[in-house]
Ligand code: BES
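The data below hold one chain only, encoded as structure tokens and taken in the form predicted on its own.
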């Protein structure tokens, strides 16, 4: 769907549908040139997500779609995203190919920030129509091809454009997530990185293949990969600003394109969902999808260790010892705790070659975080209060909320091994699985400001929120990181 912004003073053009928002208890403000049947508004209460389509008697719009905003006191950016999605979905379901949104002032005031109002509306409307149909022989595309928003605010216009960019990036991530694992292999993720670099002269991409990984001493990542016929890859994207960078940021995303658990094999039930084990890596690529159209005064690195985790005659075995890039030896007690093995080499690589000011990694790392937080919050392990607070605010702003979880020195000590320096799981009677995963990674970031985001619960399977949710990928992480990068800019 194409999003168009026009001045609110412009004459109302002919469209299939006019979208009018109204708060609870208020009469919808339908323009005079659109004439509705006498009793069209009767019974419409303006409750949150309430929607009614009314055929117009005359005027430039064939029908009017009334959408309720709920109580003004409860209204925020997340509710605007949701009603934006409801409006687009209902307009599409009515058969409209074009629709126009009434002037937006009614939506700006409760949020208090026209820019964020624009972002939320654009994201909701565009993502509300997201569909993954790449492998459908008879795909059903959305009918709504054009949405025009009337606005007199430059800030809101800028927000709508930013929302368009972030929605496109989120949809790109969902496409990567939802692709079947035989169509999205490590080599395909590397090819996507190359395509992203081609979109902007300020983005560069390189990929380290097996020989280079071996030269760098990445024994942990190679250990995970050795059971698969698919060669592993370490993807490294770099964004450089127009002028001098205010800071150097590294984003690291787990890129397990399929995870069987290896020799410590997973149960067969819903193993197909393990194509989503590359969601952290997809989120990092999504940031660079947006960076091709944005201007941040930051040097930003995106690193994705990509591989499959498969059983086989060459697969790593429980009890084997591998050596990470920084020389740390690791006893692999469970081959299904493979994400941290791939990530530890990526973190060591970033530490040595990039030396960033801040690192944020994202990974579908543990089932334990789902037990702790469910599917609506990502687990956050931040090494500084500053980073914790910045990411919390960014999550609340964009609707991808995070929750701080404990990472103690005791947790780090739990990961020390008997046969090697570290072990890749803590003892079964310790519990704290999510903290244990973060504690393992903490051994590879040194004193650099760092945050680990465990997105195992939020990457897919969340509650439906109109613009996101359900069985397929959510694209979580990209919009969160973009909001955070804004705060760092």
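Source: prediction; values computed, not measured. Numbering follows the first chain given and starts at 1.
As for the form predicted in complex with this ligand, it is not shown, yet the points below apply to it.
Novice: Closest heavy atom of residue 460 to this ligand in the model of the complex, within 4.5 Å or not?
Specialist: Because a heavy atom of residue 460 falls inside 4.5 Å of this ligand in the model of the complex, the answer is yes.
Novice: Would you please decide whether residue 439 lies within 4.5 angstroms of this ligand in the model of the complex, comparing each non-hydrogen atom pair?
Specialist: Because no heavy atom of residue 439 falls inside 4.5 Å of this ligand in the model of the complex, the answer is no.
Novice: With heavy atoms only and a cut-off of 4.5 Å, decide whether residue 338 touches this ligand in the model of the complex.
Specialist: The answer is yes: residue 338 has a heavy atom within 4.5 Å of this ligand.
Novice: Does any part of residue 366 reach within 4.5 Å of this ligand in the model of the complex? Heavy atoms only, please.
Specialist: Contact with this ligand, yes.
Novice: Between this ligand and 254, 274 and 425, in the model of the complex, does every residue show a non-hydrogen atom at 4.5 Å or closer?
Specialist: Checking in the model of the complex: 254, 274 and 425 are all within 4.5 Å of this ligand.
Novice: Work out which of 108, 92, 259, 192 lies within 4.5 Å of this ligand in the model of the complex, going by heavy atoms.
Specialist: Checked against the cut-off, the match is 259.
Novice: Though this ligand is not shown, can you say which of 334, 329, 383, 148 has a heavy atom within 4.5 Å of it in the model of the complex?
Specialist: The option sitting close enough to the partner is 334.
Novice: Which single stretch, out of 402-410, 358-366, 194-202, 239-247, brings residue heavy atoms within 4.5 Å of this ligand in the model of the complex?
Specialist: Single hit among the candidates: 358-366.
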